[in-house]
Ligand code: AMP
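The data below hold one chain only, encoded as structure tokens and taken in the form predicted alone.
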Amino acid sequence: MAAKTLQKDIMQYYKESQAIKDAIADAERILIITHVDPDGDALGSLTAVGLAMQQLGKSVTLAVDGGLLRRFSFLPLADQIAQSADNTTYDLIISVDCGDEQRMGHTFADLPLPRPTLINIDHHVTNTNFGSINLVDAEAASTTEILTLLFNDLDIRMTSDIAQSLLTGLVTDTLGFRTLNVTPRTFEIASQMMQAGADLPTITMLALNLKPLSTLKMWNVGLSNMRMKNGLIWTTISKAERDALGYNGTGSGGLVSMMSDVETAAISVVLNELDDGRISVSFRSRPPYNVADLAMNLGGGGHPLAAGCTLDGPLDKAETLVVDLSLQAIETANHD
């Protein structure tokens, strides 16, 4: 987090956290949003902030374009997550785990103008600082790691429910503490959350391990379509193939991470055709290959080793574009 690096970052962090504290104090009705196709860090952050704001006596609405993923239904407040904002006039918006304004989808875009103050809390290196107040730290292992420090400064009491949400974000975004951004601080936070009542085995089982049968069937199709060239491994999954399997997800369901484990792969990509004809693209890489820059050039974003974007169809056109740019990125990295 900002407070663990340079002195100027410490001062900037406290400036931002004070601004957040003031904005929350002045608000009564708060809309909390995370990104479309939410993962564990998104939903863990969303519910943790919701619980924290309720503790402060605020009226909150939790919303995510597309709604809750079933495997995260164990999270507190999961049954209160809406697919869009209601007709309430909000005093404040808190965005969590969103790299840019577009990632909030229609939930944010359909809000009437003028919109209230927007707090942006995130850890993506590609974050565009789109908020009125921006608490962004790309060194944090998850957005929930940032929230852990912020909650302490806001005098939020760490309940077992808040701890469960925060640990869910930390576990899922680090793939069970296996990513390069895991630090001793990450384990300290995990220990604190467990001491507060968070259930690590349950989180790991439900959020990381268990999968619908349709996901494995999707992997089977994706692996059958898989190709490899010059360090790039990729696959495509069409809407017709998804429909035949009954797979309703918009991401790769973990397939892109599996493919990235191929020892000769520098970058792995899964292109998934969505119901509206657009193409969801998931990237993974290993150092020194940076897929955040690659995704950002395609209108997306993320982390250096895990990123994504959404492109216009048709699938074969998007595939050609992504493959060409990915091969160029590999070649450039190999010559640096």
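Since the model is a prediction, treat every value here as computed from it, not as a measurement. All residue numbers refer to positions in the sequence shown, first residue = 1.
There is another form of this protein, the form predicted together with adenosine monophosphate (AMP), and it is not shown here; the text below is about that form.
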Item checked: Pro38 within 4.5 Å of adenosine monophosphate (AMP) in the model of the complex, heavy atoms -> no
Notebook entry, point to check: For Arg242, is any heavy atom within 4.5 Å of adenosine monophosphate (AMP) in the model of the complex, or not?
Noted result: no
Item checked: Gly308: touches adenosine monophosphate (AMP) in the model of the complex, heavy atom cutoff 4.5 angstroms -> yes
Check: Any of the heavy atoms of Ser282 lying within 4.5 Å of adenosine monophosphate (AMP) in the model of the complex?
Finding: yes
Check: If we take heavy atoms and a 4.5 Å cut-off, which stretch out of 60-68, 47-55, 26-34, 282-290 is in contact with adenosine monophosphate (AMP) in the model of the complex?
Finding: 282-290
Notebook entry, point to check: Out of 102-122, which residues reach within 4.5 Å of adenosine monophosphate (AMP) in the model of the complex, heavy atoms considered?
Noted result: Arg103
